[in-house]
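There is one chain below, alone, in structure tokens, taken in the form predicted alone.
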Amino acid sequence: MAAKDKTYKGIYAMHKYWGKKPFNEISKFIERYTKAGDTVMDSFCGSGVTLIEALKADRKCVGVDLNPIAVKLAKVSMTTVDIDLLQQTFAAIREKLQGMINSLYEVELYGEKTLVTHTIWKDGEPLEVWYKTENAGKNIRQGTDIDIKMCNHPHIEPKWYPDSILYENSRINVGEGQKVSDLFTPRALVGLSWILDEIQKIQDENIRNVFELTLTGTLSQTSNLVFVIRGRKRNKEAEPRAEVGSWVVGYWVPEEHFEINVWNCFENRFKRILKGEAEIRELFSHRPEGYFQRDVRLFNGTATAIPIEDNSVDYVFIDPPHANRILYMEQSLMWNAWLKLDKEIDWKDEIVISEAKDRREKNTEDYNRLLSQAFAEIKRVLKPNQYFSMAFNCLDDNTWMDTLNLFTRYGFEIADITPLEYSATSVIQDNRKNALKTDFVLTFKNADARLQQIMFKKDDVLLEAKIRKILKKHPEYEVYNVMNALFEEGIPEGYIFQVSHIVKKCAELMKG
């Protein structure tokens, strides 16, 4: 069942979120293990990909996540809104704020008013200023003292903006005492704060939610986190020019970074949001009125205490945090802080390993304890003989052992191991320590199996012999097929071979 994901667009391109899985692949798992009318649960639902795919397939869904911005994004992604009202609301915001925000970027040059669209900063100095005029169009000039003054001392006072302190953590480039507001220029803070103030006046809750996500989706490109790409030629004749990068991982402020006109970023994000909202209407407008309240249960809370009935779920698909691979909550703090959602977070309940200075309790012991509690909750709510799938990516043998023993401890019987392949590799995927080249989905049956604790069988000679036997019978097999065969044989007997050795030995034998 291996396949590749489709490009994220429409509903899934409205807002960035960490670790999104390929929606078309998740839909295959839902179709394989459920039927129309069944209930699908994701207790680490993130931006809601599993829930959306369940709704699209005429299933009901239950979603749980500790991250407030994730739950808001999931809700917006499954709620239809009046597109005309959405556009009218944007037009009203534009009428009120576009001219005022653009005045923060207007500079008179050679007797003509110019509008700055991008500034490249280095060590507090504007190296390059991109601007446009009514007559000459787009152009580039060197920065001046006027640009410094307009950026650092804007002529308009800001409204409220967050001063929340980020968790000091060198892994995501956060220093001691660093605030969310430190990620933006004073000029950007003015523009963003006025937009937020206007959004908070919107009466319709669903429309307001959409615009709150338009704002948080805008934040990264209006921040100092946007790096400068240099050295790429568009054609052989042209001189290489700077290009706009994006927010990658953590809160790294590059030595050279862009400052981009706030209004332009907000308007561009709204256009993307609008496409997503149009797709949401197309997907769900045929459903009877009140479908969200009837078919969706969405909770901002912990996976260790799911507020639903025993034996009420037909299928579970989760992609939990894998140790310290992605620090979901710390990397979402910028979004949550701007919507004043960070004060609601119960950080102690996050299932993660963090190197943050003030989160030292988030260690391996705490992670395993909470993940075990989350598995116990899945066991409680999942109907007997139904299936539970988990996305997993790690080459660390002990992590595999701990994870498989969690499954067996709660009576789950292994049913399948399937890879998830990506059409494009993200920066996170490129740089993950102890990561496989692709995610695996481990699927287990809630069968009350009485399996003994799994141990390692450290016998490379026997491992090679078994792999040779498997490949002789099935020369078309990929690594995951071999893993399936080895696990199906070994787990009932209480052992597995070291995963890192399986991968290495398969590579040697398949190459030969």
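The model shown is predicted, which means the values in this text are computed figures rather than measured ones. Residues carry their position along the shown sequence, with the first being 1.
Keep in mind the form predicted in complex with a small molecule is missing from the figure; the text below concerns it.
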query: Heavy atom contact within 4.5 Å of the small molecule in the model of the complex, the stretch among 478 to 486, 54 to 62, 463 to 471, 41 to 49; finding: 41 to 49
query: Joint contact, Gly19, Ala303 and Pro321 to the small molecule in the model of the complex, by non-hydrogen atom at 4.5 Å; finding: yes
query: Selected contact from Asp342, Glu212, Asp295, Glu350, since only one has a non-hydrogen atom within 4.5 angstroms of the small molecule in the model of the complex; finding: Glu350
query: Single option in Met329, Leu219, Leu166, Val116 placed near the small molecule in the model of the complex, where near means a heavy atom within 4.5 Å; finding: Met329
query: Distance check, Leu66 to the small molecule in the model of the complex, heavy atom within 4.5 Å; finding: yes
